[in-house]
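Only one chain is given next, in structure tokens, and it is the form predicted on its own.
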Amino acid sequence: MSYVSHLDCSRCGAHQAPHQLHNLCPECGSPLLVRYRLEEAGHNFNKTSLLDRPPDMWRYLEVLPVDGEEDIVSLGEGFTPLLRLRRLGSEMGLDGLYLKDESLNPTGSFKARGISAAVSLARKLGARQLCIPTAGNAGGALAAYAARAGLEAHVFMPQDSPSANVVEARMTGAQVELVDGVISDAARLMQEHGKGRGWFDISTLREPYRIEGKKTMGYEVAEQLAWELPDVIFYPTGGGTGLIGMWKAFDEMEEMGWIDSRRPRMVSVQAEGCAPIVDAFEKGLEEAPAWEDPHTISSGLRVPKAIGDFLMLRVLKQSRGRAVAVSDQETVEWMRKVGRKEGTFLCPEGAACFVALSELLEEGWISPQQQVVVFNTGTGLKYIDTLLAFSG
């Protein structure tokens, strides 16, 4: 059983009932977050409960928003490998370097986690037509999970999104609309097209359940490291649900008595051509102004204005973390380097994290004996056309 208690607003704290379709907080228009009866959960759901459960994200069912297994729409997402990078770690001077490889999710990226949770709840609560603006991977995931659930999917993505994402979404049944511009332009067109049609919007943080799927990355890292969190986590940041979700997971685990109060320093990684969180963090702002003229080969990082910017910046401050912007040229170089050293074909977003890691190592912000987890959020195979065209 799930121990869901209620939803609350991430900004004003207003409560909402959990068993209804919700988008943003009706009081202030901010993201809603799912809350659980964690003290009760801690008495009945413990780490040993996991020993005989399937290796997927739904092993943490008690702290996910579905009532039971019959409500789950799944393709086997989650519990991705945490790989020890011994050769690369030795070269970089790090004793404990790990890669959390999200490319092994069913649709080739971490988006499968959030979309699985969102589609599960949308179907249970009565939605029949789902819509999403996407930089690529979330659109492919929505198409697949909507098909699995027997729901209709409407996907809006920039014209220059990786062709693999476009083909994937169409082949799994979505209605795909290609848009001139970036993800914010796709969102505007989606709102225009969906008006009055009963489409349910599952955009990043515009409904409360995608983040619940994403937070399972935090539970998995803790479990895979024997319930000791790493010293530093590097995460590529577009919409930011993974970063926010993991921080939420750490708080939940502490309240249930699974971990102590020690937290990793969180590093948000963005591209130099679209770095609103980095800019806001360096200026000490609580929100990030929209980025003008966003451009980068890391399509998942091309998010000029994230609705959860204030939550990301809050996590970076609370964790004593950093925000780092990197170049596309160095990103491609690190895709090659990691591939040749460790045999993993990273997506550009994941490779960007290694650029940031090398910079912070050189700066001395990370010491050789510290344990570091880098997230690769998807497979490089979806970026073949982008890489072939790249001449930076």
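Everything numeric here is computed off the predicted structure, so don't read it as measured data. The first residue of the shown sequence is 1; numbering continues from there.
If you look for the form predicted together with a small molecule, you will not find it shown, but the lines that follow are about it.
Peer 1: Within a 4.5 Å heavy atom cut-off, is residue 214 in contact with the small molecule in the predicted complex?
Peer 2: The answer is yes: residue 214 has a heavy atom within 4.5 Å of the small molecule.
Peer 1: Classify residue 131 as contacting or not contacting the small molecule in the predicted complex by the rule of any non-hydrogen atom within 4.5 angstroms, answering yes or no.
Peer 2: Residue 131: no, not in contact with the small molecule in the predicted complex.
Peer 1: Mark residue 241 yes when one of its heavy atoms lies within 4.5 Å of a heavy atom of the small molecule in the predicted complex, and no otherwise.
Peer 2: Flag for residue 241 set to yes.
Peer 1: Whether residue 113 contacts the small molecule in the predicted complex should be assessed with a 4.5 Å heavy atom distance threshold; does it?
Peer 2: Close contact is absent here: in the predicted complex, residue 113 is far from the small molecule, nothing within 4.5 Å, heavy atoms only.
Peer 1: Looking in the predicted complex, is the small molecule within 4.5 angstroms of a heavy atom from every one of 9, 245 and 308?
Peer 2: No, none of the three is in contact.
Peer 1: 119, 301, 277, 169: which sits within 4.5 Å of the small molecule in the predicted complex by any heavy atom?
Peer 2: Checked against the cut-off, the match is 301.
Peer 1: Check each of 135, 153, 249, 202 and return the one that places a heavy atom within 4.5 angstroms of the small molecule in the predicted complex.
Peer 2: Exactly one listed residue reaches within 4.5 Å, namely 135.
Peer 1: So which of 68-76, 253-261, 173-181, 103-111 is the stretch with heavy atoms within 4.5 Å of the small molecule in the predicted complex?
Peer 2: Only one stretch passes the 4.5 Å heavy-atom test: 103-111.
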